[in-house]
Structure formats: C-alpha cells, structure tokens
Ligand SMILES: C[S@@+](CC[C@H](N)C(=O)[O-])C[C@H]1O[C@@H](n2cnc3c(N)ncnc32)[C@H](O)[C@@H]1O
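Presented below, as structure tokens, is a lone chain in the form predicted alone.
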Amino acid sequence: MAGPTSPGSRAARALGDPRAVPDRTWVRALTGRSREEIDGWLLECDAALATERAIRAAHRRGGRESYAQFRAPFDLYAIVRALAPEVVVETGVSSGVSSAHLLLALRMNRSGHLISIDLPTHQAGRHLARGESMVSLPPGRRSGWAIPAGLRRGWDLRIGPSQERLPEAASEVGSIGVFLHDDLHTPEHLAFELRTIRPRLRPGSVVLADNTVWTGRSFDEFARSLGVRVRRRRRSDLVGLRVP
C-alpha cells in the first residue's frame, strides 16, 4: 500500500497532486515486472524533482493551481521503463503531464519515440470561466505548455482530430508498445481508437484509457476480444490491459 515515503511519493508532492502517488500493484499487473524493479523506476522519479517542480510552476503561471490533469504520470513512467517500447502513442495532451513523463521515460531508456495527438480547446479569457474545461489551453499556450523545454526534443506532436491523425500515425509505425487514450471520452470514439491501433499491437503491448466512466463498455469489449482482463488503477476510471 502506498504511503508518504513509498517510491514516487516525493515526486507526487513536488508535482502537487496527491492522486499521483503510484499504484505499484497496477504497474506490476500490466508489466509483469517485479516490485523491486518497479520501485527502482519510481525512485528515478523521486530523483527528478526539478522536473516535477517545473511542471507545477508552469501550471501556476497558467492559472492551474494544484492541477495535474493526468493522475498516473509516474505509473506511466514505470510502464515505459519496464517495456522499453520503440513507439508510444497518446491521444489527448492538454498541458502535457502524461507527455512529459512518457518523454522522460523514453529518454532514460535511450530509445523510442512518442507520438502525441491533440485537438485542443482554448480558454476564452484571461481566467478560466465557470463551465470551461480545465484542459482548455490558457491564452498564449499551446498543447503541452507545461512540458519542460528540455524534454521536448524529438517529440512528435500532431495537432488535429484523432479520426485523421491516429490512422496516419498507425500507418507509419511497425508496432505500438504503449497506447494511452485521453481525448474525446465517448464510447464510439474510444472504440474507434482501439480498432485503429489493434493491427499495430503486439504481444506485451499495453493499452490504457482514462475517464472510462464516460466510455461505456468500449474498453471492456476490447479486452474481451483479446481474451484478457481489464486492470483498474485503484478505484479510479483509469484502466489498462496487456496484449497476450
């Protein structure tokens, strides 16, 4: 059970989001790696506090106090460190919390690249208005605006609808080692993304989807078609599976 001194907890405090304390059991279920290996990768996050503080400072400058958008950045980091994928694809970027940790893990692996697809919405005024989404871009910001500059080198960011950009990206790669859905959360859209990437998945690939409370049975049906179990992160609606 995660505690105030468990691996990754220092990084979560530096990021400013208590939800981000990693779920090591979830990471182990998705990767098959040992608790000791996973703890070692999470301790790497604890050693990279300057990165977490830079992300938090960028959020504050953008008017997003105590906002981390994606609740499992260190879990993502450990998954990518464990699998050493050549290609990671994510849909949905916003400020770039997930992107930053995927990029950091790939850098530590010294191989692989990240394709991020985003169709941003923009905050109307200087301050976030009632009813506006927290993932809207503040004035003058672009997708990934909280990612430290040093992590952006080699990042493949593609702006546009997933319905166009994801099939393009899938056609360009041999396989996808890790996929994260975090954009339009409807049953139809998630099902479309899963259908699109399926031919590029290989044994051991990990597929993740956030906010599945809004996407109905789409992820469960995909898991059933592969004959695998859905792995839920604690009691949240962030889920994953590993391709058999």
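Given the structure is predicted, the values throughout are model-derived calculations rather than measurements. Residue positions are given as counts along the sequence shown, with the first one as 1.
Note that the form predicted together with the ligand isn't included here; everything after this is about it.
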Original post:
Out of the stretches listed (81-89, 104-112, 123-131, 160-168), which one is close to the ligand in the predicted bound form, meaning heavy atoms within 4.5 Å?
Top reply: 160-168
**OP:** May I ask you to state whether Q69 is within 4.5 Å of the ligand in the predicted bound form, using heavy atom distances?
**Re:** yes
Original post:
Is there a non-hydrogen atom of L184 within 4.5 angstroms of a non-hydrogen atom of the ligand in the predicted bound form?
Top reply: yes
**OP:** Using the partner position in the predicted bound form, report whether D75 sits within 4.5 Å of the ligand, counting heavy atoms only.
**Re:** no
**OP:** Mark R198 yes when one of its heavy atoms lies within 4.5 Å of a heavy atom of the ligand in the predicted bound form, and no otherwise.
**Re:** no
**OP:** Quick one: name the residues from 122-144 with any non-hydrogen atom within 4.5 angstroms of the ligand in the predicted bound form.
**Re:** V135
